[in-house]
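Presented as structure tokens, the chain that follows is alone, the form predicted alone.
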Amino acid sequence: MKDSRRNFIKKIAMLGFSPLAFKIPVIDVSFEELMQKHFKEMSEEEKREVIERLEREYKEKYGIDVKIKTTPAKEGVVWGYALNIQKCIGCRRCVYACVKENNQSRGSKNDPTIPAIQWIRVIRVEKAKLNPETKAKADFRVGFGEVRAGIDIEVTEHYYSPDKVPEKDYFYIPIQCQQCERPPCVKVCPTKATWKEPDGIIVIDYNWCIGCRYCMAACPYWARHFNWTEPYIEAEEINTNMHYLGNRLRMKGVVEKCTFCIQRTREGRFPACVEICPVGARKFGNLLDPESEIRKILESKRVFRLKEEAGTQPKFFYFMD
């Protein structure tokens, strides 16, 4: 089985802790992949060569033609997200649209060891736990924070039946990558495989990820997902519109997560989850634009962020009318 550059680096690193350090691991990896630079250090020509190699590999493996972009961030743009939990009905259409758009593993019906991966999870919370006694805007922020501190998103129910939604006594809170301004996942990555782009999106270069999962341990939102096996996806289900730092096909042994649909948003489109929402609960836009819808929401609605006490400063906001 063909090994990869990241596995080679991982094996070399492990030699420092092994009594067999004098032995060199033998792997099957192309010279081009082995010598591939960090994405941020590549010239435009080098990026083009890497893209062409990846497109050839996908063609050979899946028999399809794909287009991988490296569209950069736009100047004067920092993306932000706002979600109205009073409107969200917990239907999980956003989850399924995200899976389809971003080439996530569907899981194999024939092999239970190959799991499905979903970047968005939706939790169900009793309204009584979120509604403060006071409805005044200023007091709401303080009161809501106090109530929210008692909610543990790690153990909150997210296996509810979508056939029964919406339920009048519950709020539904979708959780995905919060695109933090101070991302702890970036700080702990030993190979700098993940970083924050100028438009605020936290990205991953899968070819530099060594699968140590430090980023997963550092993330307080359970937003990162590890490929324990080779992701399973049928060729006809692959979204061929890809971005190198986003929804291109992943491999075994790497971490992945939401990138605000970088392949769409940098082309002037909404993320797939925003587009699919049947009740318009999801809002997306430029935080630097004072006339944008998201800025008006943040300035006029009752807004909160998950785990603000962690100091991560998410650019993903939740609000109520």
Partner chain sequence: MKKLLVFTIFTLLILLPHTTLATPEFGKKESRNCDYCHISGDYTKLNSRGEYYLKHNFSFEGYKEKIEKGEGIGEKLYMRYCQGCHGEVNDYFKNKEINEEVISVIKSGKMPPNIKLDLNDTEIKALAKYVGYWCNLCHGKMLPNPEEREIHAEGHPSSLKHGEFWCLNCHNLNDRDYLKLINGKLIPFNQSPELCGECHGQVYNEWKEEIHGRWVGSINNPIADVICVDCHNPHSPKFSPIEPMPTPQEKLLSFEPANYRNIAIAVVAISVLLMAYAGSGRR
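Whichever C-alpha set is largest while still superposing within 1.5 Å between the two forms counts as the rigid core. Numbering follows the first chain given and starts at 1. Note that this is a predicted model, so its numbers are computed, not measured.
Just so you know, the form predicted together with the partner chain exists too; it's not on screen, but the next bit is about it.
**Report entry** Output flag, R56, P72 and I202 jointly within 4.5 Å of the partner chain in the model of the complex, heavy atom basis
**Finding:** So, no: the whole triplet misses the partner chain.
Query raised in the report: Which listed residue (M42, I51, V279, L288) meets the criterion of a heavy atom within 4.5 Å of the partner chain in the model of the complex?
Result: The residue from M42, I51, V279, L288 that makes the contact is V279.
Query raised in the report: Might D65 be said to contact the partner chain in the model of the complex, defining contact as any heavy atom within 4.5 Å?
Result: Judged by the heavy-atom cut-off of 4.5 Å, D65 is in contact with the partner chain in the model of the complex.
**Report entry** Contact of W79 with the partner chain in the model of the complex (heavy atom, 4.5 Å)
**Finding:** Flag for W79 set to yes.
Report task. Indicate whether K283 is a 4.5 Å heavy atom neighbour of the partner chain in the model of the complex. Result -> Flag for K283 set to yes.
Query raised in the report: Are any of the heavy atoms in P112 no more than 4.5 Å from a heavy atom of the partner chain in the model of the complex?
Result: The answer is yes: P112 has a heavy atom within 4.5 Å of the partner chain.
Requested in this report: Select from 84-101 the residues with a non-hydrogen atom within 4.5 Å of the partner chain in the model of the complex and write them out in sequence order.
Outcome: Sequence-ordered list: K87, I89, G90, C91, R92, R93, Y96.
**Report entry** Core-superposed comparison between this form and the one not shown, P162 Cα displacement 2 Å or beyond
**Finding:** Yes, because once the rigid core is superposed, the C-alpha of P162 moves 2 Å or more between this form and the one not shown.
Query raised in the report: By 3 Å or more, the Cα spacing of P162 and S105 differs in the model of the complex; is it closer or farther than in this view?
Result: Compared with this form, P162 and S105 lie farther apart in the model of the complex.
Requested in this report: Mind checking the CA-CA distance of C91 and N110 in the model of the complex? It differs by 3 Å or more from this form, so is it closer or farther?
Outcome: Closer is correct, given that in the model of the complex the C-alpha spacing of C91 to N110 is reduced by at least 3 Å.
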